[in-house]
Ligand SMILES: NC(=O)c1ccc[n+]([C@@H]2O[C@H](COP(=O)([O-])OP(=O)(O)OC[C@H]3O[C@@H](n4cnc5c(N)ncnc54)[C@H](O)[C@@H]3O)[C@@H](O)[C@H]2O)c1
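In the form predicted on its own, a lone chain appears below as structure tokens.
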Amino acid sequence: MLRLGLMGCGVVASYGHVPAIARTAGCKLVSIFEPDSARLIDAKDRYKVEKGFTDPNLFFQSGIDAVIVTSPAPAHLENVTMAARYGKPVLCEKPLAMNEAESLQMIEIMERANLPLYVGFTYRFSPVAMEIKRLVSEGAIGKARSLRLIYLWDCHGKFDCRTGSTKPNPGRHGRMIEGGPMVDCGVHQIDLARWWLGSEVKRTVGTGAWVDEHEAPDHVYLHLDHDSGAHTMVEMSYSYGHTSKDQRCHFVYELIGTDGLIRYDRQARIFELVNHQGTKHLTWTEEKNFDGMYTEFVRALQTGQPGNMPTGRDGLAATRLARVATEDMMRGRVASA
């Protein structure tokens, strides 16, 4: 039984990581670290965990085998550095760090310590994403040539509620300040494209729209040319009805190959393979899967092989592509103003 320690007790830990750990065979949450003493007391009670610490050294000495980092991004470098010092493997939420230099530092620290560093790209582990990976690998649509990965939503709205309030929604505002939709959510789609195709990106072109007033664009189009000759278009939005009373969302995967296509539409609950043999209706599921990630995480630690777990370098690649493109868009907007 792998004894896991959790660093950071925020939203993603509460709705994603902690419930998934409880449902996953072969691991158990035994210790948590939270620098805010009031939040620590609350988290220990909610998570039913006996050990909790505001001192990170005591946390790392509490009998844990591996660390889950769900603290805010500015703390990731320090968290991972301490994990390496204490010889603990890490599963870290995205983004790895605040910038590329810090991400590289984290990766190199863990590599020097001969410890695995994995990234929480939960989209990989949806049964839908796994099935797409299998179908592409087996040539079910011939050679994949064109990918369209679309996620349009409002990031919970511009305002704090949908009842006429003009108070800004701090969650959406914070994500926009940190880089906007491509840096925050688009990294999942970028990672999927690289993983499904097994091909690196050699060239990127991005363009954005400013529906809102932030420095970063809130509706972004990113084009990726892969070494394999395939092309991916990722479209991400945090402004899709962001001031509307009624919420709307649009989430689609389309992979077009030399012999057919794969289509997934979350809202329409469609998942199908269309090729020369006809149309095959596949099992529809949601696009995220924390449980699947933890099952694979346990397997990776037990075998010493990453398998489908996204590595630190996968995290760096996706974040680099998203951030460089977004920064290019912002500079281009200033230059043309």
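Fair warning: this is a prediction, and the values are worked out from it, not measured in the lab. Note that residue numbering follows the sequence shown and begins at 1.
The form predicted together with the ligand exists for this protein as well; it is not shown, and the discussion that follows is about that form.
J.: If the cut-off is 4.5 angstroms on heavy atoms, which of these, 227, 111, 78, 254, is the one near the ligand in the predicted bound form?
T.: Only one option qualifies, and that one is 78.
J.: Would you mind picking the one in 142, 198, 241, 72 that has a heavy atom within 4.5 Å of the ligand in the predicted bound form?
T.: When the ligand is considered in the predicted bound form, the option within 4.5 Å is 72.
J.: Give a yes/no on whether residue 60 approaches the ligand to within 4.5 Å in the predicted bound form, heavy atoms considered.
T.: Taking the distances in the predicted bound form, the answer for residue 60 is no, it never comes within 4.5 Å of the ligand.
J.: Would residue 214 count as touching the ligand in the predicted bound form under a 4.5 Å heavy atom rule?
T.: No, residue 214 sits far enough from the ligand in the predicted bound form that none of its heavy atoms falls within 4.5 Å.
J.: Does at least one non-hydrogen atom of residue 287 fall within 4.5 angstroms of the ligand in the predicted bound form?
T.: No - in the predicted bound form, heavy atoms of residue 287 and the ligand never come within 4.5 Å of each other.
J.: Heavy atoms within 4.5 Å of the ligand in the predicted bound form: does residue 45 have any?
T.: Heavy-atom contact with the ligand at 4.5 Å: absent for residue 45.
J.: Among 103-111, 205-213, 119-127, 259-267, which stretch has residues whose heavy atoms lie within 4.5 Å of the ligand in the predicted bound form?
T.: Stretch with heavy atoms near the partner: 119-127.
J.: Of 1-24, which residues get within 4.5 Å of the ligand in the predicted bound form if you count heavy atoms?
T.: Result: 7, 8, 9, 10, 11, 12, 13, 15.
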